[in-house]
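Form predicted alone, single chain, as structure tokens, below.
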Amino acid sequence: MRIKRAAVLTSALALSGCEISIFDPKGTIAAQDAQILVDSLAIMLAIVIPTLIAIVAFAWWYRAGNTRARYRPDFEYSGQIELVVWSIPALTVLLLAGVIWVGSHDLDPGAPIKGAGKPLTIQVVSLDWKWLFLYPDQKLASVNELVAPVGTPLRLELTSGSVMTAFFVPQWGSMIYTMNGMTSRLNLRADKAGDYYGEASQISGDGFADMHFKARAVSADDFAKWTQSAAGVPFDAAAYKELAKQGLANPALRPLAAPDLFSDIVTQKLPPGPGPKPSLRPPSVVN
């Protein structure tokens, strides 16, 4: 228990500089997501605020001490009241439907977005309980650290090497699920340099609480330097099988020795992990 608490505290301290708020967007998709939430709230307040005002007004007007209030036990129908009661919710539903319709097309996860330079392809694999990021063009494999140049369109291809979970960088944009045996696609763009919080937003076992990663947006020059900093034994199928074992993992950047690794994971040439099992022991760390 002490080991687990220490691991959680260390992770929290390591990510203390990362922002989490979805209402402080640092990417074009995240900004539009936040605007949809604000617009939806404003539309729904058209019902909430009048209802709250009506509650207070009715309670005050029909109080015991108000002799001017009329008691009408035989009241059954009022066309004016019915018009108000039904028209306002109907308009609210229509406006919300419009926001959802426009947003679902403009923010289609698979739709390409504009940006500076050539789009960067990143292949994402969720594991128990860590994240693997493959950069096929740069021939890199990064564990628990997603690095991208500021302003560059990101084309993410996502899958799961175990159970279904969800990928989410709140300040960059939309959440999307990762599922075993299939590929999800998500287009994002980070517009401001910094370190951001990324997480698995669906429970996937004992180590779920620590299944987060650092998302870094850097300049093009810093990204080029980062791609040259890979060290250690090249990452291949054998290294993947070791990483896929249940447990936590420390951030690492290694050369990618298997260019078809992502395809092999999706097509299950590399068998998926066993999935989480009930356990009272803290998850171990896989290096």
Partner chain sequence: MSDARQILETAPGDEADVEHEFGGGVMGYTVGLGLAALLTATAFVLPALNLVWPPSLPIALGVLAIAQMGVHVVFFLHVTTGPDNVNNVLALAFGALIVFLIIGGSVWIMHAMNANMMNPAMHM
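Since the model is a prediction, treat every value here as computed from it, not as a measurement. Numbering follows the first chain given and starts at 1.
Keep in mind the form predicted together with the partner chain is missing from the figure; the text below concerns it.
Interface residue remark: Arg185 is counted as part of the site for the partner chain in the predicted complex, having a heavy atom within 4.5 Å.
Residue contact with the partner chain in the predicted complex: Gly181 places a heavy atom within 4.5 Å of it. Taking the partner chain as positioned in the predicted complex, the residues of 236-267 that bring a heavy atom within 4.5 Å of it are, in sequence order, Val266, Thr267.
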